[in-house]
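A single chain comes next, written as structure tokens; it is the form predicted alone.
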């Protein structure tokens, strides 16, 4: 049974899709070369192909929708390349139409036979799919009103966008029986497991640069008792260092304060004062005028680029005793191979433990790939979600999941 905050969500196991038209919302939003339009990473398309392949095997007529980029940004492009990549992955023809709700799109949907696949163009060509609004409002949108009558079911496979209350995510579940696709199902089961597993200690390793959101996560997991300890890394660690009152170089302080609101800086100060379970690095690898060195956290000199050797040893020892480990965000500037040691070491320590491990962020895919097979096989789950994962870990409601639960209650799909 798949649940979200105590409410049932239906899955593909609960519906008969044979000879039915099924609308599938995926998230194949991918980095794009601004000069050539080439997709630079197709890992999300590979992920979602499993859901699409299953629906085709079950003889459904499958129509795929997704967004790509934001209007006026360089990666705001057509989904024609995505359709071609999906065709190559599946080994079958994926029809593409450069239309979303117009006559050409509707005719293509009507002509689609069971076992066929059609991809419509970028949903953000419609302004409606860039606006946050309640599901009731979006259920009356042009996108939903024009497309819903053609389908028997809506499948949301886009966990990564479930923190958005946008038309293509929350509008269809009020008009159609709606279920979770396999990617969304895997994400939700893995995250539920973090909370439901009774084994302790549960350790969260939180880094990266999304400071406001990460402070919310720290607050939720320590106050609720979900986490026994939070090990901070990356800019998150420097934020908590500042919150503790430690002086850092002015340019480092300015960078951190530019990325955090006053509200969440004050929240970090309160958390570090109240909870001994929130840990800050002992040392950092710093760069100062092109020279690398190890600097103690209490007397930080230079720009921190990675956690230092004493911190790696201290954190790794804690991870070795954990039963549940959640890692979100890199420990250093991993774009530069010189500053991957911290992240690589903590991932290795997590996988060498007996813990159930969840890694959040696409960069962990590359990190894990550098490890021996015997360690790679111990990965519990790697989430490619960004904002949605942080919202979930912060205990906030995800509109996309709320809409699926509500659809099940309306249409009585899974009792």
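Numbering follows the first chain given and starts at 1. Predicted, not measured: the structure shown is a model, and the values here were computed from it.
Below: the form predicted in complex with 3-phosphoglyceric acid (3PG), not depicted.
K.L.:
Within 4.5 Å, heavy atoms only, which of 340, 328, 219, 124 is in contact with 3-phosphoglyceric acid (3PG) in the predicted complex?
P.N.:
Contact residue from the list: 124.
K.L.:
From the list 175, 202, 163, 279, which entry has a heavy atom within 4.5 Å of 3-phosphoglyceric acid (3PG) in the predicted complex?
P.N.:
Comparing distances to 3-phosphoglyceric acid (3PG) in the predicted complex, the residue within 4.5 Å is 163.
K.L.:
Could you tell me which of 49 to 57, 63 to 71, 365 to 373, 347 to 355 sits within 4.5 Å of 3-phosphoglyceric acid (3PG) in the predicted complex, going by non-hydrogen atoms?
P.N.:
In the other structure, the partner sits against 63 to 71.
K.L.:
Do residue 387 and 3-phosphoglyceric acid (3PG) share at least one heavy atom pair within 4.5 Å in the predicted complex?
P.N.:
Yes, residue 387 is a contact residue.
K.L.:
For a quick check, can you give me the residues of 3 to 32 that have a heavy atom within 4.5 Å of 3-phosphoglyceric acid (3PG) in the predicted complex?
P.N.:
27, 29, in sequence order.
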